[in-house]
Ligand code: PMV
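Below you'll find only one chain, the form predicted alone, shown as structure tokens.
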Amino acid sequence: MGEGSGYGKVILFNEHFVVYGIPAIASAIGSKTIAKVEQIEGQGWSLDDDRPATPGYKKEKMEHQRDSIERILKAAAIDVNQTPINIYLVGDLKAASGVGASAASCAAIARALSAEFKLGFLDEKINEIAFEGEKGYHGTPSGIDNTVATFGGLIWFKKGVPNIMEGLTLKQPVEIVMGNTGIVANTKEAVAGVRDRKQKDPVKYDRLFGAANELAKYARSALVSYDLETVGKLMDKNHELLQSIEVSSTELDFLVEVAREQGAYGAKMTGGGLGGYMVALTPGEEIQERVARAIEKEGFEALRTEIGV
């Protein structure tokens, strides 16, 4: 049985903007998806998905997941008609919108296939295959999710030909809280919505995209110098930009405010938006726990984890 894993992720700056070549910053978090692949009798491929999940997520994403796995198999040149397989998904990363669940599963499956069929894929190849798998979920993915899922760490990412990816180093890991709205979001719809609105109002969107581009440069400097107060303020500003391109939601905005009121250095939505997760910068276990408990008191799930792992 071949086995592989993929990191969960949090986008700290510039989701959605990244699709248009604006730099984004993302980090792996301390939760993973694990895939196991074994050759079986029968035909084609089968799937056992035992990941913890937001209610409704797996059903909502079933067609996307099927498309994704077909793409992964094609990219890895695995002929399941000749060699039938079963794919088994587990791990401590929740299958939910906003934590890179799809990308983590894509990277994990690619690694498990490589291990089972002794293909010897290096991380660069795993990342390519995971990117192909992400197309099943996102249509036109930026590439940032699968990159973090594959390589881990803190990453500066700019979409292009080729993509620019630079590893950034934090002085030490930083505690964060990720609050789950419990809403299963359709990332394809969110991305398409931004594209449509951008075409209808290019002047407004050019201004917002320019602001996001400048913000990314300041955020990179603040992270590298470990100026966490500035990082938090920039996260707040990034959330305002994401609100302006209409990818936040009432629930996300509410959880962002709860986190700020409880002492988070900054907070914003993360991922595709319209639901899914938000993230709060909460250096130190005391602030982290206070913010997490406040989110839970409001009836939402809170993930306590770290960036820079």
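Residues carry their position along the shown sequence, with the first being 1. Just so it is clear, the model here is predicted, and its values are computed rather than measured.
Quick note: we don't show the form predicted together with the ligand, though the next part is all about it.
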{"item": "Candidate stretches 62-70, 31-39, 47-55, 269-277 - the one whose heavy atoms come within 4.5 Å of the ligand in the model of the complex", "value": "269-277"}
{"item": "The ligand contact at residue 98 in the model of the complex, heavy atom, 4.5 Å", "value": "yes"}
{"item": "4.5 Å heavy atom contact, residue 11 and the ligand in the model of the complex", "value": "yes"}
{"item": "Distance check, residue 191 to the ligand in the model of the complex, heavy atom within 4.5 Å", "value": "yes"}
{"item": "Residue 138: touches the ligand in the model of the complex, heavy atom cutoff 4.5 angstroms", "value": "yes"}
{"item": "Of 127, 238, 142, 180, the one that lies within 4.5 Å of the ligand in the model of the complex (heavy atoms)", "value": "142"}
{"item": "The ligand in the model of the complex - contacting residues of 6-30, heavy atom within 4.5 Å", "value": "9, 11, 15, 16, 18, 19"}
